[in-house]
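There is one chain below, alone, in structure tokens, taken in the form predicted alone.
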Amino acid sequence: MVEINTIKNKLKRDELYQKKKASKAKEKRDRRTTLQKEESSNPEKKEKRLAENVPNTLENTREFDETMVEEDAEVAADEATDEFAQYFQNGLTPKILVTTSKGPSAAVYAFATELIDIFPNSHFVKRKNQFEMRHIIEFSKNRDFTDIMVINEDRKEPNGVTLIHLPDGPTAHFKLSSIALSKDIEGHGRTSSHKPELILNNFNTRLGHTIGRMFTALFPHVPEFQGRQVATLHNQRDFIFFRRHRYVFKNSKRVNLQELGPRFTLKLKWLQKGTFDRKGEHEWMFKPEMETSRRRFFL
């Protein structure tokens, strides 16, 4: 057979190339059709193929991390006495104070409104310029708040969230990005006052467990299933994606999802022991030199 690249006539060369390309595509379609017929009559063959053909991703080829948590008695003992134990063991109802940095813009107020809608029993308190963080923390403790959420901004756009668990910490600061308010999501649904269900994905290390427990403590223990609302915090490569949906039953086998909004992405920057203190001790802090590989993750 003549090699295509040896043909000098450009039109003839292109014609043969297109024929060869179409022939390969037909062979591929025929193989897929044959395989589909075989697997429809033999489901075990399909299961075997799917089990063997697992693609390599950054997630399943991540670097080994000795802090990965599985069934660990030591971790269970630590978590039984950590700062969130009162929530998990005694059923403490969350009460969240949402506020902003000094001199907030309209975009920050809009995002704060979305947070109030997400977290049941959350209250917005406008921050006056004379109030420092220590004043807000003391104010919140005296009024039995369990958490403080501070929205930070840069150039009149929200760019960070500081989360403080009361009364003894810890404090976490997240970079905030990719915000889409509910009104900007096409076809979004209307939220109701029902307490949502919560889904946490891929918080697998000791640090990830702490952050996961911190988020869990923001939601009531018992969701109201009749509302069919689900809040999801999905960790992928240390980026935490927030989504909120309502599930709609079409029949006994099919369920549709309607997005409620908002959408945003968080990335942990530091975790500090105790409540917020500029000179406090950090349990963990991200530094650029820690990114030694694309397959190294911390949560």
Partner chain sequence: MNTDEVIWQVINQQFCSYKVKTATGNFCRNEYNATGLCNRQSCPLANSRYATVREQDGVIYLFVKTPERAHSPAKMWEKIKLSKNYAQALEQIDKELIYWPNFSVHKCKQRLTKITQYLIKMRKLKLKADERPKLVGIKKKVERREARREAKAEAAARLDKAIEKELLDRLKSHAYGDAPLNVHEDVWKEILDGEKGELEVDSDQTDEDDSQSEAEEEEEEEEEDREFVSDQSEDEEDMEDMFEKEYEHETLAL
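Positions refer to the first chain, counted from 1. Everything quoted here is computed from the prediction, not taken from an experiment. Rigid core: the largest C-alpha set superposing within 1.5 Å between the two forms.
What follows is about the form predicted together with its partner chain, which we do not show.
May I ask you to state whether N251 is within 4.5 Å of its partner chain in the predicted complex, using heavy atom distances?
N251: yes, in contact with its partner chain in the predicted complex.
Whether E47 contacts its partner chain in the predicted complex should be assessed with a 4.5 Å heavy atom distance threshold; does it?
No.
Find out whether any non-hydrogen atom of E71 is located within 4.5 angstroms of its partner chain in the predicted complex, and reply yes or no.
Judged by the heavy-atom cut-off of 4.5 Å, E71 is well away from its partner chain in the predicted complex.
Exercise: R278 in contact with its partner chain in the predicted complex, heavy atom 4.5 Å:
So R278 counts as contacting its partner chain.
Look at the stretches 86-94, 171-179, 112-120, 186-194 and give the one with heavy atoms within 4.5 Å of its partner chain in the predicted complex.
Answer to the contact question: 171-179.
All three of D65, T99 and M214 touching its partner chain in the predicted complex at 4.5 Å, heavy atom to heavy atom?
Heavy-atom distance to its partner chain in the predicted complex: none of the three under 4.5 Å.
So which residues in 243-267, when you check its partner chain in the predicted complex, have a heavy atom no farther than 4.5 Å from it?
Counting only heavy atoms within 4.5 Å of its partner chain in the predicted complex, the contacting residues of 243-267 are R243, H245, Y247, F249, K250, N251, S252, K253, R254, V255, L257, T265, K267.
Displaced residue check between this form and the one not shown: T57, CA, 2 Å or over, core reference:
Shift of 2 Å or more: no.
After superposition on the rigid core, does the Cα atom of L257 shift by at least 2 Å between this form and the one not shown?
L257: C-alpha displaced by less than 2 Å between this form and the one not shown.
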